[in-house]
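Just so you know, structure 1 and structure 2 below are the same protein chain in two forms, each on its own as structure tokens.
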Structure 1
Amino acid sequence: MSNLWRLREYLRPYAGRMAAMLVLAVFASLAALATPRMIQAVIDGPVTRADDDGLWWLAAAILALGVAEAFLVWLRRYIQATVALGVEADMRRDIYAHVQKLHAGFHDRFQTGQLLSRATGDLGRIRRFAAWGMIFLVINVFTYVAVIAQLLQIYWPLGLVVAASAVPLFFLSRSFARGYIRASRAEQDQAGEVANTAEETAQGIRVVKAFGRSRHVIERFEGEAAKLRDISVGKVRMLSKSWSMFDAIPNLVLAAVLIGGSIAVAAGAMTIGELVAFVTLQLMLVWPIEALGWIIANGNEAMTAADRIFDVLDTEPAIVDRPGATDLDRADAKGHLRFEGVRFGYEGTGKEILTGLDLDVRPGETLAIAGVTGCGKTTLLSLAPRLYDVTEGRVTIDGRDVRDLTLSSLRRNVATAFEDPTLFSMSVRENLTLGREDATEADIEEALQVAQAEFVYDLPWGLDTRIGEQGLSLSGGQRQRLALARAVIVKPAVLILDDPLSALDVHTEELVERALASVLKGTTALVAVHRPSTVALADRVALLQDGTIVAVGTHSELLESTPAYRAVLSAEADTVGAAA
């Protein structure tokens, strides 16, 4: 219940509207509660005395009460909807903003489908609780207490019978709530698995089709969907069983009231008007009691949804600005990059990838990192922009620990182009200026020339052409060139290149390397070498082996002095040749 109680943080800004909503609900309930007593007055007064004039006045009063109740209910529900939708929008905004702050390690282990499920389905459950469940609980409790009070006033022996029905309802609801909360959590977790399976398949649709595995992924999805169906059917079975009991109890009590009331009328203890008012009031309890099952179910679903959402919101960002962190001004940045005694291992693996690594990249120098596949080149490159933080040691820019710099200024000065480029469902221009919104047309043109990405001008709407999801409407080489242009346009102090030319043909790669060479003259660059041709970009080469740098020198020096370097280049050349 604690996480559901924490929703008050999001309800607080709507306190005024919620107060108005409760006031409207109370007055609407009072109008509804007054109607049975008006009916009693009609039967025991004008009907009994055959007073037509009095009948019309009372009928007009009943009509006025009905109209007033309808208006109050409409206004209350409108306010309810605005509050619920506002809470949902606020929570969705906070979840999205918080996810952006979480470090890359969180996203490495947390399934995207589970995040989507929390940001959609779980928020929908909380919205329904905020819109209907919470207010109906208050209204129904008020209605129940007010009706019982009137029943006791009209004829207390039967009033006690109706009040006593609350005892079995209490034990029934408690038993139902215990089982339903477990079923709700299981259903919501499985809904996340279904969303994750669908999301993975949609992203990898080309691979699925290329390998002819459509039947396999369909069966996998059907299996997850079948689990969700079975869990949901079990939950519905539990709900329907309890709901039937919530229905049966008030109907049994109503039968007892009709029998007891008839006897009381025959004995002169009640008038016919009082019996009609009593039964009408009791019928007003049928909906609150029937709705009790729905309210409990809705509350339990909201509770588990809140638990799942706060699982994410309570995850502390591992990479944040240190207290006293300062900005790194681009005009002052020289780009002197150093790795000092760096050790690093991914969360949960218990294995170190980098083991006491030292490396010095001089300002304006282009240094290539060579090593066998899986030796940690990409990991090393991820430490400079703080996609991950070192386990031990430190990474510095111009002598300042990157952890002492604000993240925003660090990432303005350190730009990265990845081997596997990510493009977004937005225009070419928006993708290119993602890291520098104030880029001019001249900046864009220069970056496109460097990356040999002028093909964008031939797209249907040029720079304003929208790229499909993940940029799959473009070839692998085109995506890489756009990603490289996006990094170049920032004009950073340090440029990280994780083999961004791997998908290019030899001719295009040569053109890009020539253009990059001129751009990199004033920029410090760290380049992961996954194939020998990329070495041409580098002033020096560092060989990464067993988690540390074992040799640094020019390409020629390492070829001559370091057998391990020759072996790495030979292996990479063989891999490229086999791929070709």
Structure 2
Amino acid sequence: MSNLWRLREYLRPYAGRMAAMLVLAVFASLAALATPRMIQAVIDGPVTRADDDGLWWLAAAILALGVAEAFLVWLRRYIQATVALGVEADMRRDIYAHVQKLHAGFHDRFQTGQLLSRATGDLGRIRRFAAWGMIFLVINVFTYVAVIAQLLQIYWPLGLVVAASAVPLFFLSRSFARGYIRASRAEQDQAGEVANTAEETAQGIRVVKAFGRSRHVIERFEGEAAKLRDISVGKVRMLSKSWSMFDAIPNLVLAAVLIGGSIAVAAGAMTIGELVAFVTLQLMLVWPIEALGWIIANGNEAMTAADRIFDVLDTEPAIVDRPGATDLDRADAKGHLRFEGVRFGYEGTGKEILTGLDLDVRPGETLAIAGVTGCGKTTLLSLAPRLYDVTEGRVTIDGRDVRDLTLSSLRRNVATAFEDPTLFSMSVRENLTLGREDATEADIEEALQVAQAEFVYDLPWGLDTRIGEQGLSLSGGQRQRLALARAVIVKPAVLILDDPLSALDVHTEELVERALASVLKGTTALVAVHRPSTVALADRVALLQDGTIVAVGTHSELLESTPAYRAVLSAEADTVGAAA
């Protein structure tokens, strides 16, 4: 509940419009409620007296009320939509901005699907509550009170009967709404499963065909689709059963009112006009009462949705600028990178990956990190740009703890190219200049040349070609070269390369290596390597084993002195050889 209450922050900018909405809603209800009393006047006046004196005035008034009500409802709905969509857009913007600020560790724990469902499904639930539930809660309670007051005033014994009939109708509607929402959720989840299955097999169609698994895949899809059909049929069955009950209760009460009303009219306790007005008013109550059940269910849903959204919004970014953090000026940065007594374990795993590690990368030097697969090379690299913070010890650049530098200046000075390069759905140029928006054509050209990525000039629109989702329309090697160019273009003081050449063929690798060698000369570089050929780029190599650096030296020194290094390289060479 408290989280739902916190949403008022988002409603505050719309307070004026919400007040206008309520006023409009009250006037629309009053217009609707006045109509039955006008009908009563027509029946008890001109109709009973059998003369049309005053009939035209009354008819015109009824028409005017109808038009006024329609206009007020239209205006209220229009404002309602702008408020709801505004609140949703504001919240979505905040969630997105907050998620961007959150550290990499948060994203390790939180599934992307979960984030997506919070930013779409949960926000939708809150929008429905803000736009619909809250307003109708007020309108419906107002309508109920106003109608019952009139009914009691027209003929109180029957008024009490109608007031009491609201109780079973309300409970019935509430239990129906709960069941319906549960069934809808199950249907949605299952529809998601069907879509997932279809997407997965479409994406992996080559593997499916290559392994002759089409039959198996079809059976799996049919199973999921059948489950979806069963759930949907169950939902429709529940719907039809409940609607018949919804119709039954008001009709029973109507029958009781007609019988009781006729007796009252015969006894002179009610006029015919009053009876007609009573029945018309009573029918106006059915929807507001039924809707209350929905509104309550909708409120419950919004409460859960608010909890789930604030769960994300309340997570504090763990990696932020420290108070007093200062900028690292690129012009002054020498790029002396040191790891001092570094310990690190991923949050929640209870396992230490780096167990007290020292490493000194001298300015301008290229240092390669070698080690068996899974020993923590990528982890070590990610500590320099503060994608994660060390658990103990420190990482320094030119003697300054990276945690004492502002994040923006740190990341301007430390550029990274990962093994699995992510490219965004935007033009090649935008992808390239992600870390340096002011890059000139000459900078771009130079970076592309270094990364041997000049193939982009041959794309249909050259640098303006939009590359697909995750750069899917490019080959693995092409994506890697673009990611490399993206890192190089920043002209960083420290360049971090995580096995940057793994997806290149032997010929391109040689070209990139040659070009890289010239860039690496001017920059401090830390490179995770898997294959012996990449080691050749490095001035020195460090061997990472059991969470610490066990040997540092030139490639040939280590080959000679360290059997473990020979073992790592020959194992990698075997894997690379087998894959080629």
Ligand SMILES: Nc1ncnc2c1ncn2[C@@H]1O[C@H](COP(=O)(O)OP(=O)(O)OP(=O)(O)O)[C@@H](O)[C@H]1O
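Rigid core here is just the name for the largest C-alpha set that superposes within 1.5 Å across the two forms. Start at 1 and count along the sequence of structure 1; that gives the residue numbers used here. On a predicted model such as this, the values are computed, not experimentally measured, just so you know.
Chemist: Please match the form predicted alone to structure 1 or structure 2.
Modeler: Of the two, structure 1 is the form predicted alone.
Chemist: Superposing on the rigid core, I want to see if Tyr155 changes position between structures 1 and 2 - specifically a Cα shift of 2 Å or more.
Modeler: No, because once the rigid core is superposed, the C-alpha of Tyr155 moves less than 2 Å between structures 1 and 2.
Chemist: Could you check whether the CA atom of Pro460 moves 2 Å or more between structures 1 and 2, using the rigid core for the fit?
Modeler: Where the cores coincide, Pro460 shows only a C-alpha shift between structures 1 and 2 that is less than 2 Å.
Chemist: Can a Cα shift of no less than 2 Å be assigned to Ile309 between structures 1 and 2, given superposition on the rigid core?
Modeler: It does, since the Ile309 C-alpha is displaced 2 Å or more between structures 1 and 2 after the core fit.
Chemist: On a rigid core superposition, how far has the CA of Ala225 moved between structures 1 and 2, in Å, if you could check?
Modeler: Its C-alpha moves by 6.4 Å once the cores are overlaid.
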